[in-house]
Ligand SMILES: Cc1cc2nc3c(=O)[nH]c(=O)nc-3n(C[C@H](O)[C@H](O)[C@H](O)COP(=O)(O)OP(=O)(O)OC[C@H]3O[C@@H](n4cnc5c(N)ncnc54)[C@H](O)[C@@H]3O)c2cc1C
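The chain below stands alone and is given as structure tokens, in the form predicted on its own.
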């Protein structure tokens, strides 16, 4: 007789668990508190869905920081190649971008989600329950929901909770499940922003006639790590991929009241010596700003940042200017609020679960996805981590059901 699985949370983790279980012939009841599935998935993929990354797996797994050993095992079971093959099985072709990131050829999340959901809904073993807000769960797998028809209860042979993190509340990822699951006696770490922007105390002069703008083809250094990419300079501070890559360490330092200063290389393709050589050329009647713009092709934003950091006297010193262009310091004050963050750190500690990602003390309840206490930068690592965890959970369920 086919076993039944209750899955709570219709984000990538819950949807992928559903897909794998249905494929294996299991019955699945999928619940979500929102009126549709994959809300955060859709928002994140609105400008181009970054599924995973093509880099060597040995380097790939280091992106998971202190949990790199665990994710080396998980991703060994379901790899970026497996992710691309799964997309292909749905009729969604992928490609590797110039940065090594993997995208669907049509770039939009909605196309993939539509095909994914179509497969699920065509199965008689699948039931989708929207606008069902989880109220409580116990270690036996008894669930209570607030539904459009009032309070209901549900029980299945196995339960997978994939309730998300604490960011982007409008998508249903609100972290409120922390209050509902207290009786499960989980070790839950407080949520804080990850893959987020940071505030900088800009001067009033800097903010005059300022509009948010990108710095492209730069490098950002924090501590002993340097990342190439782009950032957006905003009225509140800075954000973007080259910042998100450092956000884990920056956050830890800020939480420990350690001053956090990044250094931006505005011209990574030029050495400091070559910049000095270019700046030493006769500038005739040009101001230093115009000279910088002409000989180094510095943008208006580049110049504005230099003026913000470098004093008037230092601006006249080409050696000092060259150092600043290669190593422009910006002090970060605080992280942006959780609801602005792409993801969160914190959640249920892995110590609360066994190797199968089942809650200790339970015989049937698994956890997966961003509700767990792990982190990864943008670039496909977050989504890959969720898929690989879901694959691991489903393998455990199938082995126990056989």
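Since this is a predicted model, take the numbers as computed values, not measurements. Positions refer to the first chain, counted from 1.
Form predicted in complex with the ligand: not shown, discussed below.
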{"property": "One residue of 26, 44, 348, 359 in contact with the ligand, assessed in the predicted bound form (non-hydrogen atom, 4.5 angstroms)", "result": "44"}
{"property": "Heavy atom within 4.5 Å of the ligand in the predicted bound form - residue from 173, 324, 193, 94", "result": "173"}
{"property": "Partner-proximal stretch of 269 to 277, 133 to 141, 220 to 228, 233 to 241 relative to the ligand in the predicted bound form, 4.5 angstroms, heavy atom", "result": "133 to 141"}
{"property": "4.5 Å heavy atom contact, residue 63 to the ligand in the predicted bound form", "result": "no"}
{"property": "Close approach of residue 17 to the ligand in the predicted bound form, 4.5 Å, heavy atom", "result": "no"}
{"property": "Heavy atom of residue 168 within 4.5 Å of the ligand in the predicted bound form", "result": "yes"}
{"property": "Any non-hydrogen atom of residue 337 within 4.5 angstroms of the ligand in the predicted bound form", "result": "no"}
{"property": "Residues of 383 to 397 having any heavy atom within 4.5 Å of the ligand in the predicted bound form, listed in sequence order", "result": "383, 386"}
